[in-house]
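Form predicted alone, single chain, as structure tokens, below.
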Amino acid sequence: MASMLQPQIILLKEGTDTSQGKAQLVSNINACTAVADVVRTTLGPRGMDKLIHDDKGSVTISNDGATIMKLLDIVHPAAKILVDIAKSQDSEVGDGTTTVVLLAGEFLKEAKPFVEDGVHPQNLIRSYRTACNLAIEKIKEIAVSIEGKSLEEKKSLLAKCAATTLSSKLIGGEKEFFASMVVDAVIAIGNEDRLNMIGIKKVPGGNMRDSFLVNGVAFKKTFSYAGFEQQPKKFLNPKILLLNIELELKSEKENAEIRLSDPSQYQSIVDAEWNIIYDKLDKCVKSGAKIVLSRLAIGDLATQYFADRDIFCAGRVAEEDLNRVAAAAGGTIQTSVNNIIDEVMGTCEIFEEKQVGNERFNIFSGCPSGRTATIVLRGGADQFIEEAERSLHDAIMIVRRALKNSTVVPGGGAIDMEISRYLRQHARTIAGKSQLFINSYAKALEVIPRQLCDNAGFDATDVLNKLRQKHALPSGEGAPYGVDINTGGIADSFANFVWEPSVVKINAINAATEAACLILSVDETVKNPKSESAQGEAAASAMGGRGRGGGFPGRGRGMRRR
């Protein structure tokens, strides 16, 4: 009786929403499964695209898991973790973003019945981590190295990796064309780590096959003044001067006051301004440069002055383009025109201005240090070119990763089936509950080949049975077999050149397992209603003029009116 009369202890603010225990965990798993279902159909060469229409009215058509996850405005706190792993996969490896979300969703789906049956989540987490380590060891064991090959062989191997990535994208129809372009671009920048050394310029019009690669730098013709058309538009081995100063007449920034006693002195002050600009231009010409590029404006006077002396100039060049010219041509960007020596100027074999579609491009090719490349993309609709750019970014990242970590594994769901078989075999050697958990992890890995079949319209059960039978062969010859997208059967992925860098798979399995374990380890969500409304109240009070002297006229701290 005494215990019934005890007052209730209030720990949290009134209105705080707390949900905990098994129900909370199951709700988080359901939210993550729902997110995985959104990107499920985009997997593989026959994956569908998503059209995302945001509140600003802009439309994005994409097949890239990371792009879709970013554009979905997910508010569920647990499901946001899947968005983060898709982003991390994109920035770390570039490809496999849909895979990583699907795997995390599937791991959780497999864990759900165990959680509902009362298994402690920590037991699941321990088994999943063990399975993850085993899977990664197996990938490293199966992976084939491409080290020690000649450049030509390496190029064709890298092109195969790029083609595998591009096959699931919108530009998959021209994957061979773009794969070789991407490989050439990545090899051109060599060991350069900065991705922005590969520029991608988009020009609407024409078809995809009109896209081309410049071994150097290309950028759109900048805004130009009168006299520009009189300048030469092609040079062989010119000296290139890169500036970060304005070459135009401009009024003094400081408010200086000059008192004149004689009107003729006024002319000398006006002349001084002209002399300053002419002196700058004269020094540019004397340096022997044939091309002058500046990040700031080059005015009409300077444009005409350079045109009379057969020098090409372009002002307001974008900073990243100027930096790429500096890296490729071997020059240094100058902030003054005094004392320009040959060492700070760049050069290239050919400079020309070319018409591409309805745009004009300045193209620097045959650069000596050659640590840069530019891909000029053509295509019909703007959305199409945007998606092509995202696809090429994935392919570029993959080729860079394959160059650095030079091991590849068979794609098309082959590696997933092989790890699944290996884990099932291993599970049999374990006594206790973890046998079941590792088995469920192994089953979850089969989602990749299953989804590839579903998206292509094949009978997934039939294909998976064939794959299981092939992978179970004792000789191990079935290891590289994956889904054959063209016939709806199974095929040797290695022989069909469906390859992907092993780092993609390792990263995907690692990230997906981490995410699944993180979500399984959360058993309570505390949501404070005040924290959401606090921002709204702050904005309202600012609008309501509750500040000092806001309500009463004349009581503020301002100056009194006279």
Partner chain sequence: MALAFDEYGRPFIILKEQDQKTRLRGIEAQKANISAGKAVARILRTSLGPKGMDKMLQSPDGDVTITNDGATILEQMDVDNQIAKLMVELSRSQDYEIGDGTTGVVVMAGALLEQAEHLLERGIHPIRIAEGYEMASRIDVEHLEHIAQKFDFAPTNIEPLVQTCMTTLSSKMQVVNRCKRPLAEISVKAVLSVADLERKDVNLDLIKVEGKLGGKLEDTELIYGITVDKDMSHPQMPKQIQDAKIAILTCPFEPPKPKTKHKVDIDTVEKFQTLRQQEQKYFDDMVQKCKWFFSGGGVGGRYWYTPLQFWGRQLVLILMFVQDVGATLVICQWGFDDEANHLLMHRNLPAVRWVGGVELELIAIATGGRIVPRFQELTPEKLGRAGLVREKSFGTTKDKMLYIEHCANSRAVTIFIRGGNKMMIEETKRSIHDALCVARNLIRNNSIVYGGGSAEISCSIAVEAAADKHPGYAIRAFADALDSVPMALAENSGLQPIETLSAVKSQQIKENNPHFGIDCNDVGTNDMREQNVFETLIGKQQQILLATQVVKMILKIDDVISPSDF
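The model shown is predicted, which means the values in this text are computed figures rather than measured ones. Numbering follows the first chain given and starts at 1.
A second form of this protein, the form predicted together with the partner chain, is not displayed here; the remarks below concern that form.
**Q** Among 490-498, 505-513, 518-526, 26-34, which stretch has residues whose heavy atoms lie within 4.5 Å of the partner chain in the predicted bound form?
**A** Only one stretch qualifies here: 26-34.
**Q** Does at least one non-hydrogen atom of residue 225 fall within 4.5 angstroms of the partner chain in the predicted bound form?
**A** Yes, contact at 4.5 Å.
**Q** Mark residue 119 yes when one of its heavy atoms lies within 4.5 Å of a heavy atom of the partner chain in the predicted bound form, and no otherwise.
**A** No, residue 119 stays farther than 4.5 Å from the partner chain in the predicted bound form.
**Q** Given that the partner is absent here, does residue 153 sit within 4.5 Å of the partner chain in the predicted bound form, heavy atoms only?
**A** So residue 153 does not count as contacting the partner chain.
**Q** Taking the partner chain as it sits in the predicted bound form, is residue 114 in contact with it (heavy atom to heavy atom, 4.5 Å or less)?
**A** Although the partner chain is absent here, residue 114 would stay clear of it in the predicted bound form, with no heavy atoms inside 4.5 Å.
**Q** Quick one: in the predicted bound form, does every one of 88, 157 and 472 get a heavy atom within 4.5 Å of the partner chain?
**A** No, none of 88, 157 and 472 comes within 4.5 Å of the partner chain in the predicted bound form.
**Q** So which of 246, 174, 92, 349 reaches within 4.5 angstroms of the partner chain in the predicted bound form, heavy atom to heavy atom?
**A** Exactly one residue meets the criterion: 174.
**Q** Heavy atom within 4.5 Å of the partner chain in the predicted bound form: which of 423, 79, 392, 124?
**A** That would be 79.
**Q** Enumerate the residues of 34-56 that have a non-hydrogen atom within 4.5 Å of the partner chain in the predicted bound form, in sequence order, or give none.
**A** If the 4.5 Å heavy-atom criterion is applied to the partner chain in the predicted bound form, 34-56 yields 34, 35, 38, 41, 45, 46, 47, 48, 49, 50, 51, 52, 53, 54, 55.
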